[in-house]
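As structure tokens, one chain now follows by itself in the form predicted alone.
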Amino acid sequence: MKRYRNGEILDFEQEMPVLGDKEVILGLDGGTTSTVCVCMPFLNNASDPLPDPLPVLARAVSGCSNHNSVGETAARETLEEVMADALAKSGYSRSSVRAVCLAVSGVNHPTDQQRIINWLREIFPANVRLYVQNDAVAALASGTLGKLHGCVLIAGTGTIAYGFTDDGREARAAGAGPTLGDWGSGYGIAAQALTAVIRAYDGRGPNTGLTSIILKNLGLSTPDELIGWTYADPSWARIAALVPLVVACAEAGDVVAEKILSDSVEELALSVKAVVQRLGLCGEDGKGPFPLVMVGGVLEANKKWDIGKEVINCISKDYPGAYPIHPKVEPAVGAALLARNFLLKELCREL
């Protein structure tokens, strides 16, 4: 695929049928594990309720787009590829795009946002509105259907808590990556499990059923071999994929695995509590209602050990007004709804 630049016609655009003058929006959710782009029609009447189900014209998936993980060049190539793929599947070209919201992990500062906007401006015509957010913002919007209010907790390969107030104040906690202590994430849980296996093998820690279940799953004979396995490819997602083994071990009654999950619950709850407290989402009495959007594989229900449920129980002890939302749409759709809402607000200000 050609790298596209403003004014250049892509090969796939030349082959497209003409589908009319419908305007579309693109929403992207870019994480450490994968990147998803959806193309949706631009619903330009703010007073009309959103249709159910939401109309998604096309969906495309690619790899990691976190520049902290794969570098800026590879991240850009992934984002370009997934946007081109979504447009090709929808049957529309860049000339039909009205707005783009790119929500990617690793966007932690206004300079990150501006750098990506400058790059996007090379791709899309000047009339296209461009918005860049952290991927947690799109995850929140997927639960609130585009409204930025409340708190989202993401716990997948990585973890972050992000919140907004109705007047636009925002705050975040965690999300700094495993090196800086994103405990409670899939990576954090699995890394602690691997450490527990090595500690038990050395005699520095208690014996644990994690040893047998992890070695069997990886096709290894002794804990010594874990060292080579880990450093052969220490990618965050590869390590995080071991989380189901930790959960299974905890469900079987292993004390070490149970402690790892209990500690993770505390860490995840602390992230949410920090955001809620800084923004005052719970009201002056600490009991006010606010949406808590729950996203990520770590928070999905398990047979006995339901991490998401335990996190909610822990948060509710201090903030009983928190009401959990498990989104019916994916974060990429949330990003598209953000693009729509941001654009509608700008158009209203211009009237």
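Think of the rigid core as the biggest set of C-alphas that the two forms share within 1.5 Å after superposition. The numbering used is simple: start at 1 and walk along the sequence shown. If you're wondering where the values come from, they're calculated on a predicted model, not measured in any experiment.
There is also a form predicted in complex with a further copy of the same chain; it is not shown, and the following applies to it.
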At 4.5 angstroms, heavy atoms only, are 300, 333 and 344 all close to a further copy of the same chain in the predicted bound form?
-> no
The stretch from 142-150, 211-219, 196-204, 117-125 that lies within 4.5 Å of a further copy of the same chain in the predicted bound form, judged by heavy atoms, is 196-204
Residue within 4.5 Å of a further copy of the same chain in the predicted bound form by heavy atom, from 77, 251, 170, 225, is 225
Checking 131, 236, 164, 92 against a further copy of the same chain in the predicted bound form, the residue with a non-hydrogen atom inside 4.5 angstroms turns out to be 236
_residue 230 within 4.5 Å of a further copy of the same chain in the predicted bound form, heavy atoms_ = yes
Original post:
Hey, in the predicted bound form, does residue 108 get a heavy atom within 4.5 angstroms of a further copy of the same chain?
Top reply: yes
Close approach of residue 241 to a further copy of the same chain in the predicted bound form, 4.5 Å, heavy atom:
no
Residue-level contact is defined here as any heavy atom of the residue lying within 4.5 Å of a further copy of the same chain in the predicted bound form; does residue 68 satisfy this criterion? yes
Contacts from 245-278 to a further copy of the same chain in the predicted bound form (any heavy atom within 4.5 Å), listed N to C, are 267, 270, 271, 274, 278
- Message: Once the core is aligned, does residue 225 move its Cα by at least 2 Å between this form and the one not shown?
- Response: yes
task: Using a rigid core alignment, state whether the CA of residue 270 is displaced by 2 Å or more between this form and the one not shown.
output: no
* To do: Note yes or no: does the Cα of residue 256 move by 2 Å or more between this form and the one not shown after the core is superposed?
  => yes
